[in-house]
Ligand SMILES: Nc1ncnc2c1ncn2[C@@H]1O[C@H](COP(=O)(O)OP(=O)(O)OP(=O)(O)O)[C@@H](O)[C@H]1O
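So this first bit is one chain, no partners, the form predicted on its own, shown in structure tokens.
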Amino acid sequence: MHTEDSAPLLEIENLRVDYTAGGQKLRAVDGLSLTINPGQTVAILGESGSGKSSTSMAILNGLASNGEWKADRIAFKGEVLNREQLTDLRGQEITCIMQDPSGALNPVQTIGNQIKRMLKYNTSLPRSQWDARATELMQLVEIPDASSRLGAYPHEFSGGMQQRVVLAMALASNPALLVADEPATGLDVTVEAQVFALLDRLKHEFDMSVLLVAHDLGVVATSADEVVVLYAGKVVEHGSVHSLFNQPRHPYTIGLINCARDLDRENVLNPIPGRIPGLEERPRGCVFHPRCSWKTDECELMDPGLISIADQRVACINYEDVSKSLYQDT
């Protein structure tokens, strides 16, 4: 775990992600700063369209052809890097598992060949040991009859097993950081729980950190150490998983948590009114004010920065009123 004497694993300051569409440059992520310590899981939480995947793809330098990103500072293991140097770490020190495992696997190549390809290009392991290591990686992700399934093709595996194969490929280089972008999307609840339990075990076994991109609050609450809440490209709240879930201070975070609580306790969906704005619809002032029940006239004019409160940071000029209304009796 992180100590005061150890450097953060990854630091990114003031990340901006832009996409060009119709001759117009549109900002998808605006000023996100992120620190991931050794052995830590940091989750980026938010609705679809909040900029979560754009953030992870920027770190991996895997944005679409019309996307570009910049950051004021990038450091990995205490060493300041440029964007090209960060990209050079991809596949070795930094690996990923994505939302759609079937899209990440080549349908005409056997599972064994795809894992061995990762070993060939991202490790110094000699060819004579590839089969044994591929089998070992499949066993680590709990795929039954691993050695006999090296010759199988992706379509012969279920969605959950395909995701385990992708995870095995991501672990081939013993990475320091694993980027997991909605890794259980499309899987049923039981399989999802198995995938995240496996990911948690392997995180400790490989002594790696995880950047988890998610919209599922239950997954974040049980898997993450810190949470960054992203809305319309802006960080609106950031804190430890314990403080953020027990005393959320931003109206958006509160709305997300209340949705989950209402569904769990009453089996009734109580959504946040309105919808997240598109890239070309970002409002003036606070990006959340069109959907906020605590908004004032000032919210429509002022874009709030992050304010530190205890071990949380919140981007809301009315956070004190929000806190008083929610926590005055606690």
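None of the values given here were measured: they were computed from a predicted structure. Note that residue numbering follows the sequence shown and begins at 1.
What follows is about the form predicted in complex with the ligand, which we do not show.
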Using the partner position in the predicted complex, report whether Leu301 sits within 4.5 Å of the ligand, counting heavy atoms only. no
Although the ligand is absent from this view, report whether Glu226 comes within 4.5 Å of it in the predicted complex, heavy atoms only. no
Is Gly31 one of the residues lying within 4.5 Å of the ligand in the predicted complex, judged by heavy atom distances? no
Just to confirm, Arg282 within 4.5 Å of the ligand in the predicted complex by heavy atoms? yes
Residues in 47-70 close to the ligand in the predicted complex, defined by a heavy atom within 4.5 Å, in order: Glu47, Ser48, Gly49, Ser50, Gly51, Lys52, Ser53, Ser54, Ala64, Asn66
